[in-house]
Structures are given as C-alpha cells and as structure tokens.
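Two forms of the same protein chain are encoded below as structure tokens; each is given separately, as structure 1 and structure 2.
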Structure 1
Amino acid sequence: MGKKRKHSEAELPAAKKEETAPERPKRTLLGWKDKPENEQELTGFRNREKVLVTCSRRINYRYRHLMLNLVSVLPHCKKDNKVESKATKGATLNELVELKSCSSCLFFECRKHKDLYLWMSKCPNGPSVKFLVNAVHTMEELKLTGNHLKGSRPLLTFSSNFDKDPHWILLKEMITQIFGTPKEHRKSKPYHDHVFVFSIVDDHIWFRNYQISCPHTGADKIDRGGLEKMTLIEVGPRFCLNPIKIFGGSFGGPTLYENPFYVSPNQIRSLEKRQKAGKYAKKVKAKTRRKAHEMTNQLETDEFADMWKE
C-alpha cells in the first residue's frame, strides 16, 4: 500500500517537469545563452573597458590616497604595483597594461614629493594625455560627508564647453570611456546613486563626485516633487586636471596638442626663489653705492662746527 502511494506521488511532479523543462534557457560555460545574445545583437556593442591604475614610486601619501579613492570608485579597474618612474616607463607601462589585459591606464606620477602628474592613456595604440593635478582633496576628509554604494554605475555630467575644441572632445571621449563603469560589469551594482562632474573652468578639468540623495518611498517612481527635493552630497575625491600634452601613442608618440598656457611647477618655484634670492645682494650693492656716492660728493667742512666747543 505504502509503496504504491509513493509511486503515484512521484509521478505527478515528473509530469509537471516535462511541461516546464523546454522553457529553460540554455546555459553555456560563460552564462545564459539566449537573452543576452539577443540584446547584444541589437546594439552590437559591449563595453569591455578595463583600467589599470598604478602610481610611481615615492608617491606622496595624499596622492596615493587619491589613487586608492579612484580605485574604490571605479569597479572596472585593476590596481597594480608601483612603477619606477624613469625615462623608459612608457614601455614598461604598456607591457604591464597588456599583461593585465586592460584597455586603458591611469598612471599617477609623483615628482619631488609634491607635483602630481596623471597620465590617462588608451592602450595599446590610443592617444594618451598628461595632466598636472592640483587642488587635491581625498575622500577621507571629514568635510565630505556623502557616501554611496561601492560599484554603482556613476552618471557622468560634462559641462557644455567640452564640445568647443577638438582636444576637449577627445578628452571627453577618453573620460567617458575610462570613468564610466561598463554596463553589466560583474562588480557593478544595479542602482545609480552617485554622479561625476567634469567641468571645464579656466581651461582646467574639475572633477567632483556627488551622492544623490532622494527622498522616496521605496517605489521606483518619483514624481516631479521628488525631483525637486533631490539633493546632492559631496563624496569626494576632488581634483583639478590641467592638461599639458596629448600624445598620439600610448605613453609616447607624436605630440598632438600642447597647452600653450602651461607653466611647470618647477618654473614657478624657481621664479619665486629668484624673487626672494636677490635680497642680500641688493643690500650689499646699495651699501657700496652709497659709500661711493659719499666719497664723490663729500660735505664741505662746516666752519661753525666748533663754535660752541672752546
């Protein structure tokens, strides 16, 4: 009796299974076969950007923290060991990028423990840009009070003057590729809660990162009022990029653009020093001149000088 019943029970689900089984999508080693493929066919495009992030040796802690912040903000990046910054660094970096199978690279080069240069390059044969970085604020600063999901895809906003000149357009394209997290990246999260700002002010690119805080009631629909009430809280980091040069190749090649207004920080410092340096020499010079002057036009002896002396 017992056996029989069991048998009949087992039969029923099996029958159900047969009904549902054909609907199951086919699986391959790399994931589900059907649906994504269809989508890809529609757009014919998939963003497979990977960014290598490294820095030079003897980098400042502040700049290192900036780099780490960027690493935490870009889920599609790979951080690598420090690289010795010498003349042949371009070749080694290219090799490294290839080794890590990345398609672009952010290289933080610190010189003299105070000047930070950022190389942004498309590998293996895209253009590369060298920036001078200043006005750096890291995420650790307590004044920056925002916070957002690690790995959520950022919205990129550009100021309209990026469309003014060819080199700005090129930079914009590079920035969208490097800073935008690829869609459906495995480390990315499905929501959007932060926004990047790239704005050109005074021929510098200013970067800001804001958290989007929006009062909502769980549902994904927000009305007009919700949009009005939306506020942004800064998360950091902050920095300001001053483009110095654009090269044709990755970490080298012909120069395509050169910033005509650029003055290197070394020059600025030397100029300052020179302004300060002349002080003592000037004083000595003035003294000798005075002496010479006194020698040439001597005072006539005063005839009444010892009138009251006796």
Structure 2
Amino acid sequence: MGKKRKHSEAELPAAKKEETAPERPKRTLLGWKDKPENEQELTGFRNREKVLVTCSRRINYRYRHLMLNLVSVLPHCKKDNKVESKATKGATLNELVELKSCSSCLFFECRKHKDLYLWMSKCPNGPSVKFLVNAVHTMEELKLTGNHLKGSRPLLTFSSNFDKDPHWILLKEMITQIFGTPKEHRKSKPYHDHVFVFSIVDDHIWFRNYQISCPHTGADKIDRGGLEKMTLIEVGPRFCLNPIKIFGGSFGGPTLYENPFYVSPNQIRSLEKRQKAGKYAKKVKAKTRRKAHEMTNQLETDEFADMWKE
C-alpha cells in the first residue's frame, strides 16, 4: 500500500477568482455616463442656467397670460406660486430661487390692477433690473399665423444700439443669459426654428418672437438656394420694456443706473385728470363771465313787448 501524504505536502486547491458583475455606469440627466471621468472633465463648461418665473398676487389676467406665454417659450424655466409684493419680497424671492436650484429670476409685479413691472435678477448676488412693461399683446389676442416647435432653442438677435452705452451692454448680457436656452438641456430640443428679437427704439426694449420659415419641396431637404428665400413669421407674444433702475444686488442694493426719461404711470394719470379738470373749470369761468357781461350790459325795455298780451 502506498504511503499517505502529509497535510503539509498536500497541494492546496487554486483560489477561485471572484466572479462579480461589472460596475454599473453612473446615471446622468443626459443618459448613462459611459466615458471615464477624465474624459468627462475635458469636455468643458456646461451651462446650467435655470430661471424662476413667478408673479405677485392680484395680477391682471392679461399679464398672467403674458407670463404663461414666456413660460411656454423658455424650456429651462421653473414656475412657482404667487408671491406677496411687499418690502421684503427680495429676501423671499432669493430664498425661493435657492430652493428651486435656479440662478435667475423673472418676477412680474402688478400694481393697482393696471401697471405691470418686471424684475429681472441674477440671484443671489445681482445685478437686477426693474422694467415697466408696456404694449402687452399675448398669443391669445394676436392670433398670428406663426408656429414653432415647443422647447426648441431660440436664436437671440440684438440691435446695434446695445453696444453704445454701458447700461445697454449690461442689459444685453443679462438678457442673453436669461432668455438663451442652455445647450443639451433635458427639456429642450436641438433645433433652431425661431428667433427672439430685442431692439431699442426711443430708449425702450421691444420684444418680438419670429418663426424661421424655409421653403421645402416634397423631400425633407431644403432646395439649393432656398436659404435666400427664408422668411420670418411672427409668433408672439409682444411687449415693450422701459428700464427704470439697475441695482447692484438682487432685488435691491446700490443704484448703478437710473433712467432720467422715466415717468411713472401715476404721474401720467394725474396729468390726464388735471387736463379734464381744467376743461370743466374753463366752462365754469365762461358761464360766470357771461353772467357778468349780461349784468353790466342790460338791454333796453321794449315799449311793444306787452302789446299782444291780453
């Protein structure tokens, strides 16, 4: 019989390799992250701009429709409940912007059910701008023939006046950051089929939204030379922004610019009332002058006045 081997001499079985599932890639807003982290870091800056859009209580229905129209054309915005427009609205809005993980804010403030003010602010450090909104026309009112894809990225165009003065340059940069849809945003579509036009006329900023219409044949491709025949069809909404003040902080702070040509709507209404009151005062003065003239210049009595009386 053979000799038994000692335990020390016995060959130990080879250690089995641990069979584990491969590590699952990380989940992101744009899908699975398949590339290594080093390559992801080299892609560069990603715009994470988000805009909070809200309004004050007791807002007019036309101004509320205007706000909803802007929400429909800005896929990177977030809505929130109405905010009471008091002296402490700045702190409240800054807190809401932080809770919603936003970096900008559009606040529609309505006063006396007539006047609409728009606050455009970069939170939480500023700057911020206060506008008076005039010439409001919503999409429901205009009934224009233009139409564009919801969520598509707009092209921003500015008139040459924006490069003249420092306050217009600052407003151009703020409008670019707030109204420009970030690239590869999860709610946006990678198409450019409409244009936001901002033009300065009489120290007012006029906003228009146009659809880019290209001539097509039966196929999906554009004809050669068709870009020259490209047309713009207005979609809406329309409004006009009259800048009042530019502040260094968010919803307040030091005043960087104040519009010297701004006249509040309260002063305009008071002047109109004074003109109407002046018309009535002129009528009363004319009556008193007529009576005084009749008293000083009385007619002579007619001797035949009582001839035909019985």
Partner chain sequence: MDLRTSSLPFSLYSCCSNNKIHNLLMVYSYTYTPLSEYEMAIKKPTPKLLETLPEDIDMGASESDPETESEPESESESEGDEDVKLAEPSKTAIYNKEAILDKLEDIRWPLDVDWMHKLSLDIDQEQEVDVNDDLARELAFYTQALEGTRQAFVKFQTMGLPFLRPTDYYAEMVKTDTHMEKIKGRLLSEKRRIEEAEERRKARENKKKAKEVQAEKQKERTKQKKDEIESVKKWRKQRQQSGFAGGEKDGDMGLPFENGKESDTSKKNKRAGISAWDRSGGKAKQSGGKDRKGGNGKRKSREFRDSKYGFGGKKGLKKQNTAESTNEFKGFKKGDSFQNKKRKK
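None of the values given here were measured: they were computed from a predicted structure. Between two forms, the rigid core is the largest collection of C-alphas that superpose within 1.5 Å. Residue 1 is the first residue of structure 1, and the numbers go on in sequence order from there.
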{"query": "Which of the two shown is the form predicted on its own", "finding": "2"}
{"query": "Hinge residue among 203, 95, 189, 277 (rigid parts rotating between structures 1 and 2)", "finding": "277"}
{"query": "Relative rotation of the two rigid parts between structures 1 and 2, taken as the smaller one's turn in degrees", "finding": "22"}
{"query": "Residue 302 CA shift between structures 1 and 2 in angstrom, with the core used for superposition", "finding": "11.4"}
